[in-house]
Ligand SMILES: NC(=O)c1ccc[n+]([C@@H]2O[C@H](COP(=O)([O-])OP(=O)(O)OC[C@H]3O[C@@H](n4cnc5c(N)ncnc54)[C@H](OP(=O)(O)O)[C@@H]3O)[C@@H](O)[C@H]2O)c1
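Only one chain is included here, represented as structure tokens and corresponding to the form predicted alone.
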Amino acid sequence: MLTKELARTGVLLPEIGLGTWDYHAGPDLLRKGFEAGAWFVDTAESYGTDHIVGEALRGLRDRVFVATKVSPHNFRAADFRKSVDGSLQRLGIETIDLLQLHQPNPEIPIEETMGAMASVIDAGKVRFAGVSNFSVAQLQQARKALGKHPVVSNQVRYNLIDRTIEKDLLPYCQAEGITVIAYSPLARYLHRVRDADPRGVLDAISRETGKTIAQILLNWCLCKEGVVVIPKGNSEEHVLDMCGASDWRLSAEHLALLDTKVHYRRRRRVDALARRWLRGPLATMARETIRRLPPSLRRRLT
């Protein structure tokens, strides 16, 4: 598998890692992913998968890059340090390779949170600091607050049909040497991508290249400078298929077709607010309602 440098640290990451949000398989499947070259795993204290990741790491800790996240309600200094200790214990490791703030929390000063981040780095509990779902302005504030330590990554939603970060965040990260870790690189559900591809461009490229649709979608992301992806797979077939998205690149002609013929959107502030407040049964009902709409309408709403 091809690798990319994590920011300007000199540390190389496989360009495809393993996401564990909504992960239902066990540690053996993660190990198969590690063996296939995806020796970068991402979790979070809110996912409830730390124990599975920890089991998968047994005997392999020195070969796997481990990333996790602190939840926003734990951004106070004392809570932050307690959260890190809890993650280390659940994962069964001594050092977290990449610790990320899961999303901004405007109710707690970023200076306090980043002060706690610096303290766990200085204590040797964490190697690198990252953020997730941060805008350019929030990322700038976080970098300033962290001081002597760099913010090496920003984990954000990015895929062929959701290119929100291309407006300003992706160019900023590329210019500043900050790695973008793309979550939902497969847009969560392939039917969403098919809704956005009425001309069948993906199927045509799949026939020409011999690559699967999932591999094409991941490779599209990987063609971007400074971007790595963390798709999730709950079966061996899916994990190995995803790992097959590396070691090659789409042609310029194929990239141009994907960029111009597949519909995409850039989310607005109202989209982020709606997703933040639509939780539980309301979110399920909204997804089911959207699923029943005609493809042309679904494309505008997802």
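Numbering starts at 1 and runs along the sequence shown. Keep in mind that this is a model prediction, so the values were computed, not measured.
Not pictured, yet referred to below: the form predicted in complex with the ligand.
For the residues Arg143, Arg188, Arg81, Arg90, the 4.5 Å heavy atom test against the ligand in the predicted bound form is passed only by Arg188. Ile230 is the sole member of Ala118, Val136, Leu222, Ile230 with a non-hydrogen atom within 4.5 Å of the ligand in the predicted bound form. No residue in the set Thr9, Glu15 and Gly226 has a non-hydrogen atom no more than 4.5 Å from the ligand in the predicted bound form. Of the candidate stretches 50 to 58, 254 to 262, 31 to 39, 234 to 242, only 234 to 242 has residues whose heavy atoms lie within 4.5 Å of the ligand in the predicted bound form.
At a distance threshold of 4.5 angstroms between non-hydrogen atoms, Gln155 is in contact with the ligand in the predicted bound form. Interface membership of Tyr183, defined by any non-hydrogen atom within 4.5 Å of the ligand in the predicted bound form, is confirmed. The ligand is not shown here, and in the predicted bound form it never comes within 4.5 Å of any heavy atom of Ile205. The closest heavy atom approach of Ala196 to the ligand in the predicted bound form falls outside 4.5 Å. Contact annotation for 54 to 82: a single residue, Lys69, has a non-hydrogen atom within 4.5 angstroms of the ligand in the predicted bound form.
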